[in-house]
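Heads up, the chain below is alone and in the form predicted on its own; it's given as structure tokens.
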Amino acid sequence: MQRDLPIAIAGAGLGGLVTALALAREGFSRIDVYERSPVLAEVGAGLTVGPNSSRPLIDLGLGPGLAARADAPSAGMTRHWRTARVLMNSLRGRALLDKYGAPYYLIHRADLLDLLVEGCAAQPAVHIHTGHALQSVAQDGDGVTLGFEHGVTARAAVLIGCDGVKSVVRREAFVGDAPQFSGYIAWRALLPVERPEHKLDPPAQLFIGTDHMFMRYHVRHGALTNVVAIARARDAAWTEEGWTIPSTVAELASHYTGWHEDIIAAIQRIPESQCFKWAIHVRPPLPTWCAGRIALAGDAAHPMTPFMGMGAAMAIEDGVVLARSLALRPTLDDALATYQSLRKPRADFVQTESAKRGLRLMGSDPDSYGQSREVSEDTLGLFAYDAMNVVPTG
């Protein structure tokens, strides 16, 4: 496809910026990214970057920055909610690097966003427009018109919707379905590591119990511990989606009464101002991600539960495969058809497997976990995916 066609991306989160950077590195010269927020800023939270997502980030030129800012844990561990008994050990570090040829990292989301912003800033083709809240989308035979809340419009030959679970692009150009509450409520927090006893060994640990789980791991080279706690909702009265909804430490603690003393102590250390919650929302798989000159990617196409830790990875893979498809196919129709055929089956599979893993991790029999082969990103082969090389060149 010709490289001078104007391409618009809705959303300057991780998926949108990866898509922009991948397009620029494929030689596309007119890339505009529209972000509703007035500034580019990520929430204070950690993020898993498995080999399937570190590999394309390295290929996009972010390897040195990623290695400098991320942590490479030597191992991971799943433990019993009450006794802290080790239920399963997970290979990390050198073992995954040797197996997949790419590292497994843990990183602060803001640090990865900064890397992507820096990468895009080094590309003259990429222009990021903050304070542009998308309101409407209309397409014709020549292009797509984007309408923003402050009355400004823009035109592009192609629009890529990377605008999350509440995607305006999906609403305007595809189906009118609303995000559905998954039945899970999650809390997030970052704890300072101030004493030797605050260090985790290994540096990534998951505690599981009936209807609950509690994940914690170090980021920023052990200076912070990222916490993600998930519980089944006790009722469906509160189902608000969003990463910055304040909670209280007391509310979180009420869901973990009777848990191991390490978890109780970790909850008590959470700064009150740093305790946030959100209701996890999903959407059913779409029959198609592409309509005319418009394509969806990331959570706009396939929001999923977090139990595989693959949400960000899927968005990264989408962006790279979409950019490669646009670069290697002669027409837009061919490119979008290639993108969808390569990405939709994988994303649908990961959506399904993530939901199933949540049922296992938070099931009624945590004592049996690890006694047989458990399903994970590793056992399913998800880490082996090479987004840079899945698009046929012929």
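What you see is a predicted model, and the numbers here were worked out from it, not measured in a lab. Sequential numbering from 1, following the sequence displayed.
One more form of this protein exists, namely the form predicted in complex with a small molecule; it is left out here, but the text below deals with it.
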Quiz prompt | Proximity of Ile263 to the small molecule in the model of the complex, heavy atoms at 4.5 Å | solution = no
Exercise. Look up in the model of the complex whether Val144 has a non-hydrogen atom within 4.5 angstroms of the small molecule, and give yes or no.
Key: no
Quiz item: Any of the heavy atoms of Ile160 lying within 4.5 Å of the small molecule in the model of the complex?
Solution: no
Quiz item: Is Leu252 a contact residue for the small molecule in the model of the complex, using a 4.5 Å heavy atom cut-off?
Solution: no
Quiz item: Of these, Val168, Ala231, Ile128, Leu191, which has a heavy atom no more than 4.5 Å from the small molecule in the model of the complex?
Solution: Val168
Quiz prompt | Single option in Gly76, Pro306, Gly209, Pro103 placed near the small molecule in the model of the complex, where near means a heavy atom within 4.5 Å | solution = Pro306
Practice problem: Tell me, please, which stretch of 334-342, 43-51, 348-356, 58-66 lies within 4.5 angstroms of the small molecule in the model of the complex when heavy atoms are compared? | Solution: 43-51
